[in-house]
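In the block that follows, a single chain appears as structure tokens, in the form predicted alone.
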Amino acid sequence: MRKILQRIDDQAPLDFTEFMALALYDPKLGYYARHTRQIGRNGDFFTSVSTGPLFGELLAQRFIRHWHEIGKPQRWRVIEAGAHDGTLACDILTAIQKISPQAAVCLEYAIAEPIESLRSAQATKLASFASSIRLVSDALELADDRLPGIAFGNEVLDALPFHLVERRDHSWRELLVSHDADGLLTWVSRGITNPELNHALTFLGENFADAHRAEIRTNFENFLKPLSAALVQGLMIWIDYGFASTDLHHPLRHSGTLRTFYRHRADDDPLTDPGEKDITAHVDFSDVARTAMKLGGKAIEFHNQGAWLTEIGRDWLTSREGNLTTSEARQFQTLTHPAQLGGKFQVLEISWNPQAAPKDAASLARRLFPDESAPHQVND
């Protein structure tokens, strides 16, 4: 808290992206740097990784399929963003070794992690895979040796810092973080001065009542560009809370989607106890897809997690017919059931391979860009 107050005194009010970066990612005091016990029953929130190793095994099935699709190269790379303590990486690598030893021998599994304490935890967790693992602080470190492969993240986009805006007197204003005379953090607002934020707001339109709040990310390009630079004709897979733009920024969603999590309790007050709890907001998947297109990629899949995992796990399910263990059945149901994690998360696949194409371009366009030109948005 002291560091945030000092930054406010030095720079005047902070926009929420700066505040969130300090609260979550400060290398010593940020939420993600302080420990690795946030996930699971004894942590602050529950993810697909928490269900058990099946999630990683299903992802491994998709990764191996992509390796086959690109001709089984002798060297290929998987880059994980937001790998936390390395549990998901461990599950994926274990499954790849079991399913396809040939693919495993050729694989470099890279983790791009800027926080040193997390890189240390990942190195410890993945010690038995040391010959396959490459830990870097920035994906740009991989760009000098580009390889075919995949970049992905599970619940990482929702933790990217975002701007907070509010509708007042028929115009948008940005919410900033300041403090009062007693050192308590408070909200202040100003007119929009950030040109990137102004541009992003043009996609929202004007049909919002006063006091409507929304979260806007202007950093997708900075996040995706280093990952795309590390891959040749790569594939990206992003799994997260979120919607297409028109659903996320609906006039009836008047309070936005900002949430904080601490010990499985959610609230919408990020100014209390910064550094002690997670801060998140739903992902605008249409914006992610637009940004990828700007970088030369194209969306090829957009489904809820249940439908996506069921499709990529079809062969696995067939092979296990009649032989599913109780644990496997429970994990699969939790991951795919619409009332559980299957309906809570969306999955967006983006390809940089010129030959890749969505199975149904018109349907994909309707889901991602319902108010825009389908051919332009999906295929150009």
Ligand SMILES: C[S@@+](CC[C@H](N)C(=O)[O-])C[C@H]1O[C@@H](n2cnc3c(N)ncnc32)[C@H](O)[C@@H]1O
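Counting begins at 1, following the sequence as shown. What you are looking at is a predicted structure, and each value in this text was computed from that prediction instead of being measured.
Unshown form predicted together with this ligand; subsequent notes refer to it.
- Proximity of Thr47 to this ligand in the model of the complex falls within the 4.5 Å heavy atom cutoff.
- Although the partner is absent here, Tyr32 is a contact residue: one of its heavy atoms lies within 4.5 angstroms of this ligand in the model of the complex.
- In the model of the complex, this ligand stays beyond 4.5 Å of every heavy atom belonging to Gly297.
- When contacts are judged by a 4.5 Å heavy atom cut-off, Asp91 does not count as touching this ligand in the model of the complex.
- Note on the partner interface in the model of the complex: the residue among Glu174, Glu155, Glu301, Glu215 having a heavy atom within 4.5 angstroms of this ligand is Glu155.
- Between the options Leu248, Leu142, Leu118, Leu201, the residue in contact with this ligand in the model of the complex by a heavy atom within 4.5 angstroms is Leu118.
- Only one of 156-164, 190-198, 228-236, 175-183 places residue heavy atoms within 4.5 angstroms of this ligand in the model of the complex, namely 156-164.
- Contacts between stretch 199-231 and this ligand, counted in the model of the complex as any heavy atom lying within 4.5 Å, involve Phe223 alone.
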